[in-house]
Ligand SMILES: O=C(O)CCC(=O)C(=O)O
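In structure tokens, one chain follows: the form predicted on its own.
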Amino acid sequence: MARTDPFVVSNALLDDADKVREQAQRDGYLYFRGLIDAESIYNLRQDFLEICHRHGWAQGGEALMEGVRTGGPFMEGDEGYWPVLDEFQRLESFHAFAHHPAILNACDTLFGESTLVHPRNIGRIMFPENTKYTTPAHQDYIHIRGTEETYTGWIPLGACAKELGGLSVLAGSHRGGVYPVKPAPGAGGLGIDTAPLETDGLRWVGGDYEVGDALFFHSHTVHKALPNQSPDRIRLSVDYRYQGCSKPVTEGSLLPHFNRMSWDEIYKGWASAKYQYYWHAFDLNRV
């Protein structure tokens, strides 16, 4: 197994836009400790786990927030996965969380302009005993397109020790452009052979995530999930994408993940219209 170095923590740079951009350009990622308040994390975690419990995937009652699995393992694409994924997509709290003020403040600093939050948000459920389908090493750009200066925000919904299967990035790999891909099991279905990059001296970085920690990485940064090696816990996380509002964006990035429902179907029953079709307020460069 490749050696993993600890993340470089970027909290101290948040008041200096030049240093934030310098570190992002050098490493291809920014890692923030405790960026998001715990209450916001736990509220969304509860919403996710209540859905999992209703579908027989997780224990309920007093054990709900522990994320103890009772079903599965399932993975994206399985017939039994879609009903849960669809309920995630209809959660107002899931989409609103992408606009958390602490996240937008960090992204505005990075981009030097107002941040466009992609509405194509992704909820992840990673089961134990499913290591074959752990998300492989890959780059997000081939799935997103638009501007290369799109950053993915990866946020675990709760503490995430290494054994639970957090995310690891290959620091500096964004400087090599887009690498050749090959079919691979796991989310996205495409992987990258990272052995030549590691031979050239690039190092994987990662570690244990605490509640409220957040990782942001460039669309060319190679990253992968670690396998969930816990005996019985589900790992929950969210993927959100961010870019400067003046940069080009594809129409696909403005559609729901997997595009199984229309936005009107997703928005049905929401308490507020604040985060409905919000991207229409931008003069977007659609490509």
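None of these values were measured; they are calculated from a predicted model. All residue numbers are counted from 1 along the displayed sequence.
We do not show the form predicted together with the ligand, though everything after this point is about it.
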Assert contact residue (the ligand, in the model of the complex, non-hydrogen atom within 4.5 Å, options 147, 121, 194, 135) equals 135
Quick one: of 154, 97, 88, 111, which gets a non-hydrogen atom within 4.5 angstroms of the ligand in the model of the complex? 154
Would residue 36 show up as a contact with the ligand in the model of the complex if we use heavy atoms at 4.5 Å? no
Is residue 254 one of the residues lying within 4.5 Å of the ligand in the model of the complex, judged by heavy atom distances? no
At the 4.5 Å heavy atom threshold, is residue 126 in contact with the ligand in the model of the complex? yes
Interface membership of residue 239, the ligand in the model of the complex, 4.5 Å heavy atom rule: yes
Testing 25-33, 256-264, 52-60, 217-225 against the ligand in the model of the complex with a 4.5 Å heavy atom criterion leaves exactly one stretch, namely 217-225
For the stretch 161-191, I need every residue with any heavy atom inside 4.5 Å of the ligand in the model of the complex, listed N to C. 167
